[in-house]
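In the form predicted on its own, a lone chain appears below as structure tokens.
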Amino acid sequence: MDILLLRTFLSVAETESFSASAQEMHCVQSNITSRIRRLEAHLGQPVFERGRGGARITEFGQLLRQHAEDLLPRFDAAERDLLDAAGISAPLRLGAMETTAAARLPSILKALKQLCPTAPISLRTGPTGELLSLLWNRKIDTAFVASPIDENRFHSVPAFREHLVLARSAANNQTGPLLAFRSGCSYRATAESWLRSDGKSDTEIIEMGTFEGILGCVEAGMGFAIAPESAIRTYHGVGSLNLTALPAPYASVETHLTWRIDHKPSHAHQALCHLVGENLAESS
């Protein structure tokens, strides 16, 4: 059975949409439709019912989904082992919080490419909650996320210790609303806990999509942000901001490199763990 057809089938099953699946798989919708038709022709049964509400999986499709969810992880593990054994490093699908990607990853990824020059490396950014979901659903291989980590589902190694600060405009030192990422961001959760402890649980929260956008609005005096000092220091307008350390126990947060407990790390993944360990030792 064609592995691409199975991947496409699972993508449609998860998104319940041919168009959303096309976006996820970086192709046109007609490709998705063609693959599903080929799969149904091969099996002799419909796997989806198409309608205005999207693509609803059939009873036969549910049976196929069980087998596909069992087969594809084993195929991916075998492919990683064979590519590594052949001296062609397997791809590494990496995830990271946006602040980590901005402040911590450039030097580490440069060193990783020197150690594993043939390993294709991709990066997705997002809040901790979203990254853990991507890990669990096998959309990425490993991710930099904030602690704590569910040890029953994930392995992890310490990566960085971040010092959280409150950032305000130097020109307008008013606090205003909290500018933050959407729910699922660990730093936002820490900020909300600190505000509650300080009797400010009614503080308005304005959600924004990028770290650069958040700091730009802070610089303009539209509100304040809570973020790692290391990430804020990379902002081009950091000289226009006032930074104040948060009080304990909110001031320090650990970032971990995390992966599924049943995921076998590739050569590039192991090299990344080694680099992270070296970096942590040097900064201690």
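One-based numbering along the sequence shown. Whichever C-alpha set is largest while still superposing within 1.5 Å between the two forms counts as the rigid core. Predicted model, so just to flag it, every value in this text is computed and none were measured.
The protein also exists as the form predicted in complex with another copy of the chain; that form is not presented, and the subsequent description refers to it.
- With the partner omitted here, the residue from 78, 115, 123, 149 that has a non-hydrogen atom within 4.5 angstroms of another copy of the chain in the predicted bound form is 78.
- Proximity to another copy of the chain in the predicted bound form, taken as a non-hydrogen atom within 4.5 angstroms, holds for one residue of 247, 239, 44, 51, which is 44.
- Proximity of residue 37 to another copy of the chain in the predicted bound form falls outside the 4.5 Å heavy atom cutoff.
- Residue 63 belongs to the set of residues with a heavy atom inside 4.5 Å of another copy of the chain in the predicted bound form.
- Although the partner is absent here, residue 109 is not a contact residue: none of its heavy atoms lies within 4.5 angstroms of another copy of the chain in the predicted bound form.
- Contact check for residue 2: a heavy atom falls within 4.5 Å of another copy of the chain in the predicted bound form.
- For the three residues 67, 71 and 88, a heavy atom within 4.5 Å of another copy of the chain turns up in the predicted bound form in every case.
- Proximity to another copy of the chain in the predicted bound form, taken as heavy atoms within 4.5 Å, picks out 55-63 from the listed stretches 228-236, 251-259, 26-34, 55-63.
- In the core-superposed comparison between this form and the one not shown, residue 243 has its Cα shifted by less than 2 Å.
- In the core-superposed comparison between this form and the one not shown, the C-alpha atom of residue 39 has shifted by at least 2 angstroms.
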